[in-house]
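Quick setup: one chain, the form predicted on its own, written in structure tokens, and binding and motion questions come after.
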Amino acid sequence: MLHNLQNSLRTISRNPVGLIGLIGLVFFILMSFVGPYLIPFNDEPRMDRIYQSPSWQHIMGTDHLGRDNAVQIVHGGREVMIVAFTAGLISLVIATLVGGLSAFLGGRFDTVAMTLADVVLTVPRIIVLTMIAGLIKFTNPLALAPLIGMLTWPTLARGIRAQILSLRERDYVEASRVLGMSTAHIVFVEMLPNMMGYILTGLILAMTAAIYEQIVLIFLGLVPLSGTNWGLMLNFAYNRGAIFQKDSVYYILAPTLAIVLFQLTMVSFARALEEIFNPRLRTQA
């Protein structure tokens, strides 16, 4: 296992984009999960510091109450990441079950499953999420995760189905059939480990979609407006009229930059994962 980890790190180190993605991802995780314990959040208004420009004291400026934007970024990422990972994981589990069994069983199950996937794909997710969030009063932003996950699985399910259709005729699959292995064993033990690169990349892409969708719902005020959250910062910036004041640009820019950079690091890391699990994509040292 240690040898495999060393080989993976060596592969990532030869890919500048993937290496930057890995470093950025580690930075954001440490910032969001360790940073709040090291950097206290002071919620007290400082009216003499409203909408200050970046300085040594406030490296990302201040908000409409004079609070430090950088401190809010540190404390506002954990919830976003937990919702994104949970939604991505739910989407991955559904996609794996549906796509894997659909490809292996075929027939009527395949027809019904792919028809269902097509139906879900045609649903405008943001509109549906907005409607549901308007009807259901969420008591916790984490409740968004199952809802987002159940709407983002079809694309990955179709991809997994296509991958398994290409693997089902391989020799080791035929050998498993001859040995009387169960369908679940063949799909989930023999086939899926050979698709880990594709599956992990799909998880990351599902997480990126989940981030945008939860930020939109928080920005629209359809989930509880409590605590600290990057989407909540955007909501406050808009509702407090920050968008109309030139001195408030850093209050809007801080969460926007955090969201964009976190998305960029995940996509860059996904590129590195593809090279780890697919030797044909590896660049020559």
Partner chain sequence: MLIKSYVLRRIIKAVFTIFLITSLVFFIVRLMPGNPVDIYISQLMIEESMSYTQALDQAAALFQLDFNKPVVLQYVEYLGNLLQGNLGQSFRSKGTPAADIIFKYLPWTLFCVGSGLVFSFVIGLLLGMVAGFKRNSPLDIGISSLAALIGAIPNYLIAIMFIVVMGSVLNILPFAKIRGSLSPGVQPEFSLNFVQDVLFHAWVPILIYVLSTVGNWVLLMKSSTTSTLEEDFVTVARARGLKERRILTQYVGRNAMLPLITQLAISIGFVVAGSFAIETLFVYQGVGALLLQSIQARDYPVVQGIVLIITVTVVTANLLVDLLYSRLDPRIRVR
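Residue numbers count along the first chain shown, from 1. Note that the coordinates shown come from a computational prediction; the quantities given were computed from them, not determined experimentally.
Just so you know, the form predicted in complex with its partner chain exists too; it's not on screen, but the next bit is about it.
- Residue contact with its partner chain in the predicted complex: Gly106 places no heavy atom within 4.5 Å of it.
- Its partner chain is not shown here, and in the predicted complex it never comes within 4.5 Å of any heavy atom of Phe28.
- Proximity of Gly134 to its partner chain in the predicted complex falls within the 4.5 Å heavy atom cutoff.
- Using a 4.5 Å cutoff between non-hydrogen atoms, Val123 counts as a contact of its partner chain in the predicted complex.
- Every member of the trio Asp118, Leu220 and Val260 reaches its partner chain in the predicted complex with some non-hydrogen atom inside 4.5 Å.
- Of the candidates Tyr212, Phe138, Tyr198, Phe85, Tyr212 is the one whose heavy atoms come within 4.5 Å of its partner chain in the predicted complex; the others do not.
- Listed residues Val189, Val93, Ala175, Ile127 were compared with its partner chain in the predicted complex; Ile127 is the one with a heavy atom within 4.5 Å.
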